[in-house]
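Presented as structure tokens, the chain that follows is alone, the form predicted on its own.
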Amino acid sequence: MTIFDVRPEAGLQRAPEDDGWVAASHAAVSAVLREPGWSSDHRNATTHAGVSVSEIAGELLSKVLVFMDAPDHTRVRGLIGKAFNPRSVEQLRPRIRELTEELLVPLRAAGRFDVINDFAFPLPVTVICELLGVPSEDRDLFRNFTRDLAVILDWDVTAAQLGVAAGALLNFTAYLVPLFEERRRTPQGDLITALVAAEEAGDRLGADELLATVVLLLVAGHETTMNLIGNGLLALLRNPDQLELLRARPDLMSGAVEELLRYDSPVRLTVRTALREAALDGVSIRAGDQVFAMIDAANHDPAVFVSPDVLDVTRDAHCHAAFGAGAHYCLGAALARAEAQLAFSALVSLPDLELAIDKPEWRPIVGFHALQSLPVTC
């Protein structure tokens, strides 16, 4: 049995080899993500639920926003939060719509394309590059870098993968440090300029945090949205009644994106460490124990979602856990929603859209559910 076999109804379970715990119900996952006393910093763990990192790796990860605790997490998140709030994202919608159409024009003409590589990757990576101030023509440079570096957001990280990730980080550093220097000389109206100014202020952002934050935004700014578009379109193509319903009822799109996030979340799990003894599902958790918060299981909890394994684009799925919860609720949630709503609206409008392969290939990354490719005809 693996952690992915644990059903939401089972309550809190011991992880394989009694190394940590598995929380699979919606209530338990919400408690771990929302309540105080749970840490995202692996260095606080005395047991490792699949996350066993060296001291050096732990120090490296501690500079990454998703592995920070307050007050550092609060400080760094506050520096970038305004760029991703709903009001700021609404101003980006016309540009996202324009990019969506630009990408689809040649794909419609070709009549066949790979949703992941030809559409779901270039759309969000172009948006995040423009937001940060990274030349979008360099986006293809980041493809392999981000694939290699994305494993640090996974839970089952080997020493070899950390070595590859370190190499990717060096490549990112070689590219970004000169860009930071350019923004110091010639400030622009972009997010990198704002972060460089915060780093120069001395007490707001460290040099290592500046690099880690920009790299994280480049990776997370497209990785999960790319996977949401791929997973969601695959789900719709396998449920043609729901695809047709969206075509007939475009007003359902906003809620449909929430249902697609619930039905096949790009992020399958996250890990938290108990900072002090805690009770979860009636079980006593020791300080230092790690807990797998199984996001995909929580999103299929029958106590919260009726017929959870059925895709229903009319469902009110807003209480899904795909974006996490609490202090670490996904910073880019509003941007991901906007990109997905516009992307799916454009894709479902293709009248002859069909899968071009019976069994799409999935990427071998444990903590995410991510397609390698998704060939379609239109």
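It should be emphasised that the depicted structure is a prediction, and the values quoted were computed from it without experimental measurement. Residue numbers here begin at 1 and follow the sequence given.
The same protein also has a form predicted together with a small molecule, omitted here; what follows describes it.
Proximity to the small molecule in the predicted complex, defined as a heavy atom within 4.5 Å, holds among Thr225, Gln290, Asn231, Asn299 only for Thr225. This chain lacks the partner; the member of Leu123, Val196, Leu236, Ile295 within 4.5 angstroms of the small molecule in the predicted complex by a non-hydrogen atom is Ile295.
Contact annotation: Ala346 falls outside 4.5 Å of the small molecule in the predicted complex, judged by heavy atom distances. When the small molecule is considered in the predicted complex, Arg262 lies well away from it, no heavy atom lying within 4.5 Å.
Taking the partner from elsewhere, Leu205 is found to have every heavy atom lying beyond 4.5 Å of the small molecule in the predicted complex. Mapping the unseen interface onto this chain, Leu342 falls outside it, with no heavy atom inside 4.5 Å of the small molecule in the predicted complex. Annotated contacts: His73, Ala220 and Leu331 all touch the small molecule in the predicted complex [non-hydrogen atom within 4.5 angstroms]. The stretch that touches the small molecule in the predicted complex, counting heavy atoms within 4.5 Å, is 318-326, out of 348-356, 318-326, 23-31, 305-313.
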